[in-house]
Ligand code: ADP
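Before any questions on binding or motion, here is one chain by itself as structure tokens, the form predicted on its own.
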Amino acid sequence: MKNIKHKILVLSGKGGVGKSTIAANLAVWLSMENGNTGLLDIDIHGPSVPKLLGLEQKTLNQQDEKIIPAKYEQMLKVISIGFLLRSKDDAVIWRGPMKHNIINNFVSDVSWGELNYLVVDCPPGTGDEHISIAQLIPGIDGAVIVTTPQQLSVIDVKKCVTFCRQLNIPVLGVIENMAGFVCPNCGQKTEIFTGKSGKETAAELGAPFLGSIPLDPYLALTSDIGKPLIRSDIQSPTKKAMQFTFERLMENMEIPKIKMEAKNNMKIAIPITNGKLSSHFGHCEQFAVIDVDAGSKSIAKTEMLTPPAHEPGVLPKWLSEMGVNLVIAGGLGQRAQQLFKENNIAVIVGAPSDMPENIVTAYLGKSLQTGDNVCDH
């Protein structure tokens, strides 16, 4: 878990509110926006993540005594008990200790590698699984609570908030799902439920409100075929609401996001040895400093620069003074990553040994495949 930067729980007080759909779309969106992401499904009795991501036929393999996660489009690693069942119709009939053991295996015996985010899809309620995950994952950033505008759901949101506060888990926000139906033909919105809104509930509980997501026939369709709406080419009010809601979540977590403004003010630095990315960051021959055009999201200019002598804190300051705001590396120690963060420079590790222009092009196209931090010391 030390190699995972941010951990987010997705909770709901009751079933049927679309929690797993929100968790799956959130994880896919994070992988599209920020690279390597994990999705851990701990809904032992009703695992739906494999279906939502079109991974029902996947099985888990083992390497070096570690479980290898299934993958959704390379950038999202996925673990679910659904991958271990002989049939999708099998029922898991376990008591608390057995559920705790399998969740422990999913946390400690899985080769998660370096992740920017881990999204944990929890079962409804506040039972054994929730207590287990809170005990097993250190440094949880917080929980997102999914509800619908029904009185029953609102009551259960309060239980989720109480659970989080008793276990010292920050409440990152409330998402109101199924917030009316937007007609795909005329665009008119019709309210389906008549209970208290998620916004009112969040305000009453002193929790942030992230947004309302309306019902959408396309959401049901994309979920059934295993292609999340957030990843599809479909443009709908629901997809836009999802994007807005997830962006609000990132803002509430106070995670800086690299934004390209009107000018060419995005610079990416890559350590180079023999013309390709160097796995030994501090001992590289040169740095490729690449300017990115904000409008076309393409490479505008590449400079090959010789770095100063390698000493603690020198390279982050040197690159910061040149306006670099992202470093892509093969491996980088935790202390060095912290120094870059202090200099307002984001870091991506686990990048392949390739030409710097190829790496940046893949990053801009959201197809950069990263692995483990090869030089973490």
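Computed from a predicted structure; not experimentally measured. The first residue of the sequence shown is number 1, and the count goes up from there.
Below, we turn to the form predicted together with adenosine-5'-diphosphate, even though it does not appear here.
Between adenosine-5'-diphosphate and the residues Ala220, Leu84, Ala203, Ile192, the one pair within 4.5 Å by heavy atoms in the predicted bound form involves Ala220.
Only one of Gln337, Ser48, Asn34, Ser320 lies close to adenosine-5'-diphosphate in the predicted bound form, with a heavy atom inside 4.5 Å, and it is Ser48. Only one of 172 to 180, 74 to 82, 131 to 139, 106 to 114 places residue heavy atoms within 4.5 angstroms of adenosine-5'-diphosphate in the predicted bound form, namely 172 to 180. Although the partner is absent here, Leu215 is a contact residue: one of its heavy atoms lies within 4.5 angstroms of adenosine-5'-diphosphate in the predicted bound form.
Of the heavy atoms in Val17, some are within 4.5 Å of adenosine-5'-diphosphate in the predicted bound form. Applying a 4.5 Å heavy atom cutoff to adenosine-5'-diphosphate in the predicted bound form picks out no residue from 268 to 284.
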